[in-house]
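The chain below stands alone, shown as structure tokens; this is the form predicted alone.
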């Protein structure tokens, strides 16, 4: 199965407004993805919409958010259900600044339906981090039954390596992610001991499924992925499309 575990919708202030759940699902299906995950910044409020779009298209989906921690590290929390993802969202929201978003500065943050109607504009500044530390986010994610990944560890900003100098040994990451531009020869040794994934981190439609990971999965679920991560040496294979 091909899957892309890091996609942003129009809810993320840095994502294009064309990134509606319906369009994301269409692009993922056209690219031959077997599963995707929606991971907007600090929020899973568009996961109910993409759940319906994925159901109608017959595409497997996980639901999550990209949490910017107190250390200014981007991490992915992924869940089987929208309810779990939304519970994680409320926990993150409780530790965010109570400041109203300025669309002119940070961008629009529309919460939408499966058929692209705008329900409301999220008022919080999703471009900002929260006061939760990496260990706290890991613990809450696992308490809710999710997977916890270190995002784009090769980047020079907002990664565990840029902020902390390496991957903390005391944090139970289920896997780590390389960006689509990462040099695997450099970064795989630095991720020794962890399953390595690659995802698109798409913020516009042309980037959806440009990068993916393949695994031998019975189902696209947290449990199945966790098992594949444990078996990475023989079953997990990050892929990069040619473009």
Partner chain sequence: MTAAEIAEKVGGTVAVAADGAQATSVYVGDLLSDVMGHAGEDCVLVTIQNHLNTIAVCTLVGCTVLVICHSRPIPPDMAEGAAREGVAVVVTPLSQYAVALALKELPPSTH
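In this text the structure is predicted, and so the values were computed from the model without any measurement. Residue numbers count along the first chain shown, from 1.
Not on display, but discussed next: the form predicted together with the partner chain.
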(request) Indicate whether the partner chain has at least one heavy atom within 4.5 Å of a heavy atom of residue 111 in the model of the complex. (result) no
(request) Consider residue 81 of the chain shown here, and say whether it contacts the partner chain in the model of the complex, taking contact as heavy atoms within 4.5 Å. (result) no
(request) Give a yes/no on whether residue 128 approaches the partner chain to within 4.5 Å in the model of the complex, heavy atoms considered. (result) yes
(request) Consider residue 143 of the chain shown here, and say whether it contacts the partner chain in the model of the complex, taking contact as heavy atoms within 4.5 Å. (result) no
(request) Just one of 167-175, 134-142, 94-102, 113-121 has residues with a heavy atom within 4.5 Å of the partner chain in the model of the complex, so point it out. (result) 94-102
(message) 154, 185 and 229 - do all three of these have some heavy atom no more than 4.5 Å from the partner chain in the model of the complex?
(response) no
(request) Just give me the residues of 64-99, first to last, that have a heavy atom within 4.5 Å of the partner chain in the model of the complex. (result) 70, 71, 72, 97, 99
